[in-house]
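So this first bit is one chain, no partners, the form predicted alone, shown in structure tokens.
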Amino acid sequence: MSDFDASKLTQLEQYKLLIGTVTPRPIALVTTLGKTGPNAAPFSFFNAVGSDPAMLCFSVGNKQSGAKDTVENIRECPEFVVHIVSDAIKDQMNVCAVDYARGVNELEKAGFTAVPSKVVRPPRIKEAPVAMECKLVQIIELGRRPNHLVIGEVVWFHYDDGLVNDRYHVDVGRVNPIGRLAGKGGYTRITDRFEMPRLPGGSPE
């Protein structure tokens, strides 16, 4: 068995273990709006964290010069839109992952269509099958790097036609999301799914 004392590992070594272990990770393609215009960037340290109200979180690491554009924009305009990355838009998402200079419009670089949101100011991406408009709840700085844990309340849900039934069940097969694995290019599709009934007394979460 391999064992590691985390206190003796570098940041990069701990990062490698985490991204190789916590898999597959959903990907949030986040649009924001700041003084220099809109921004779009993907994050795979991402998940749902509450349902009353609905809340999402994603974690953003610093770049060498300081906070990334996503965090700076949210500080300027405390709203954002989280999009689920489907297989159909994976290549465009990958363009948004490039570390462009501040003020570069990743939506245009990727060939995405920006459309107005219903409630928040940042635009949403027309090509994404799911978009969730959010208002900032809190940004928490974690660790020495630091990472910025962004928590938002979902104020509007958007789904392509046919993805949600009248019982609010989402057809994940038709959403066709991809997930993040380890390494610079590791991804997965949900092509091998199965169901396992919850045992009596099981938690809904």
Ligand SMILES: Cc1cc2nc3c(=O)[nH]c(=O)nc-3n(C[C@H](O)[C@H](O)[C@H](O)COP(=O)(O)O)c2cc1C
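These numbers come from a predicted model, not from an experiment. From 1 onward, residues are counted along the sequence shown.
From this point on, the text means the form predicted in complex with the ligand, which you will not see here.
- A single residue from the set Leu56, Val137, Val60, Leu33 has any heavy atom within 4.5 angstroms of the ligand in the predicted bound form; that residue is Val60.
- Interface residue among Val130, Ala110, Ile89, Ala97 relative to the ligand in the predicted bound form, by the heavy atom within 4.5 Å criterion: Ala97.
- Proximity of Ala41, Ser44 and Arg180 to the ligand in the predicted bound form is complete: all three residues have a non-hydrogen atom within 4.5 angstroms.
- Between 48-56, 63-71, 152-160, 165-173, the stretch whose residues reach within 4.5 angstroms of the ligand in the predicted bound form through a non-hydrogen atom is 63-71.
- In the predicted bound form, the ligand stays beyond 4.5 Å of every heavy atom belonging to Glu79.
- Contact between Ile125 and the ligand in the predicted bound form is not found at the 4.5 Å heavy atom cutoff.
- Under a 4.5 angstroms non-hydrogen atom cutoff, the ligand in the predicted bound form has Met93 among its neighbouring residues.
- Contacts to the ligand in the predicted bound form (heavy atom within 4.5 Å) from stretch 100-135: Glu106 only.
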